[in-house]
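Single chain ahead, written as structure tokens, the form predicted on its own.
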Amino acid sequence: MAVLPMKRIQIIGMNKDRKTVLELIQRLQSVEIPEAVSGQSSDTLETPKDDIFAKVDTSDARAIFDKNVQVAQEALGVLNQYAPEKKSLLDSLNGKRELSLQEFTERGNDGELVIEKARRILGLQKELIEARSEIPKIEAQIEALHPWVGMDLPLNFRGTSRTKAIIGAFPEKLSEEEIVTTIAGYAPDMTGIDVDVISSSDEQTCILLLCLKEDGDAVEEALRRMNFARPPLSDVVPSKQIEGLRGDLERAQKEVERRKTQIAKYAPERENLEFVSDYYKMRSDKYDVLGRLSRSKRTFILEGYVPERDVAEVERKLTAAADVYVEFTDIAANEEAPVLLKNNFYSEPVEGVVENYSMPSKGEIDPTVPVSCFYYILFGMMLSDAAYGLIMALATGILMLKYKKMEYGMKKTLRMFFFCGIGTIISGVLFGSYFGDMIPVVSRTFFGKEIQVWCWIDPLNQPMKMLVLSFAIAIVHLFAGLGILFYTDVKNGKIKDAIYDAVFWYMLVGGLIVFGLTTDIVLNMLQLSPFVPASVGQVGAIVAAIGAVGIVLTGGRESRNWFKRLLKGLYALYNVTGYLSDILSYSRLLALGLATSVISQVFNKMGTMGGNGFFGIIMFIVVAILGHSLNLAINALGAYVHTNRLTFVEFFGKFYEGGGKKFTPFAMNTKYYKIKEEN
């Protein structure tokens, strides 16, 4: 377990070489150039104030590059929608495509041409959207005209020289008689009307009404009071108008398909679009760093951090690429350098777990190795099925062997779940779980003779024994955290703090545990037989008392007032209840293990409901595949979440604060391509 030592790097060179230097550093991915350090002298953290060196505003250039990235990504989104690429779910494991530096540079020269094609794709999409937006409008017009299809007059027909025609609809179903009667009631002085019902439904009644011109105003007033509404006017007969609209609809649909076809023709440009997206992202990042450089008329100064292990390589490649001065200096005692972790093959996969919590701060150790020592065990106990573990280990192992070029972060994640699978296999063997109780169920149901599986502990039939094991692991896990706290304090020269914050708690908690194991109430509760002599329990009680006194006297040692110090010490002693709750938290090892086992047994029981014939065998296979796949997915997720929870809350709570800043080098933050560095 190690936090790699860092060096500060200062590079001084000619402005003509800055592009070469920055591009090399970006490819090396070994130098972090933070905002607060760039352009500073190596002796101080204060930015030099003079009239020689200044910083150049590169925000306009970066905005152009970022816009190009956005255009390329949007064009890719359009292509993926209308000309999707045929890929399997596992293709993402192939990693980024590799290009030589020369190929990358040559393709970059065509960046503007590709961006222009991306804009054409977006333009076609805009035209497609416009054409598509016409379709619902035309369909709505057709739908509105459909009730009038039986009328052979245009909707703007107004009558003859002596009559007035009124065309419209009522918002309800009405008969001809009801319409005439209601109008007559509102306009009793009219001479007469003729009503022709064109169509009628529960929602509306469409009519053509004829009356004498002198009665027109009275009839219209009556219609208004009946919530009468006129349709959109047209000088074309509705049936002919619908026919024309259907032609417009067909043309709009053809236009949409034509635009889709035009977009699909750009599918061969997909790789070029992916390339320019990465290319302009790299240029944007480079110009971001350019804006941080302190530059004079002819020179530039760049400062940052580099891992000590990479110092020789960085210096060699920089001096070979350009005439620059490179200097490395030690990190100041009061300076918080970025943190980069380095661990062995077994522990490295859980670095991501540590990073998700927080990187170690100055003076703290890297907790990755102790985390890995428990992580795979805790995960395995929560999933606790040997067959599930074997599936996880085989699946992740095969993927790692098959996809050699997958991204390193993904490879670490798969390796973590590979070791989690191994831990699950071990737990499954100890607890006798292979797809739950599938072995005895299958042998009993389909072969008439039950095969019993060996197990050390049967969680279903011996839950208290499993609970005791969970508590034992909890004590070891928490005491390991205290041990790391002791080691860290001693390493940093805080011998007294190590005694006060670790040794006294060892004495108190450990003494109470030993004493508790000699009491009947604890033994009966845990269903244990006496195995600790009473004399040893008395010694444990004395040790616990000494630890308690020590905590009370030293828990508030930062206060000068003796009364406040005593009160803080008593409050610190109260934290012993926190240890009790922490230990009880590990009962989730039992709970999640039982959940996996019980659900497995339920699916096995369901599978045998078809009997032991041919149909029963088929039913068992189908239920087993579906049920155990679901059970594995759900409980593997639960095991992952709760293992992280025990690590973050219970384990880290004993010794780890974090707060360090992760080492983030100036790198090729690309999505599709990477440059193959040639020696």
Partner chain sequence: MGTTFALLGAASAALFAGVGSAIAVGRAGQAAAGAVTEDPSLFSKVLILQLLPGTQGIYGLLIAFIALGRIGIMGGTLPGDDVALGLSYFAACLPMAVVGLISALQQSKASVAAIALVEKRPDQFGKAMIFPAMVETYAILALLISILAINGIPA
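Nothing here was measured: the structure is a model prediction, and the numbers come from that model. Residue numbers count along the first chain shown, from 1.
From this point on, the text means the form predicted in complex with the partner chain, which you will not see here.
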Among 118-126, 420-428, 530-538, 587-595, which stretch sits within 4.5 Å of the partner chain in the predicted bound form, heavy atoms only? 587-595
Contact flag, H642 vs the partner chain in the predicted bound form, heavy atom cut 4.5 Å: yes
Going by a heavy atom distance of 4.5 Å, is L467 a contact of the partner chain in the predicted bound form? yes
Indicate whether the partner chain has at least one heavy atom within 4.5 Å of a heavy atom of T577 in the predicted bound form. no
Using a 4.5 angstroms cut-off on non-hydrogen atoms, would V503 count as touching the partner chain in the predicted bound form? no
Which pick from T261, Q81, S201, N356 sits with a heavy atom within 4.5 Å of the partner chain in the predicted bound form? N356
Between I64, M619, V56, I634, only one gets a heavy atom within 4.5 angstroms of the partner chain in the predicted bound form; which residue is that? I634
Would you check whether the partner chain, in the predicted bound form, lies within 4.5 angstroms of a non-hydrogen atom from each of P463, I599 and F648? yes
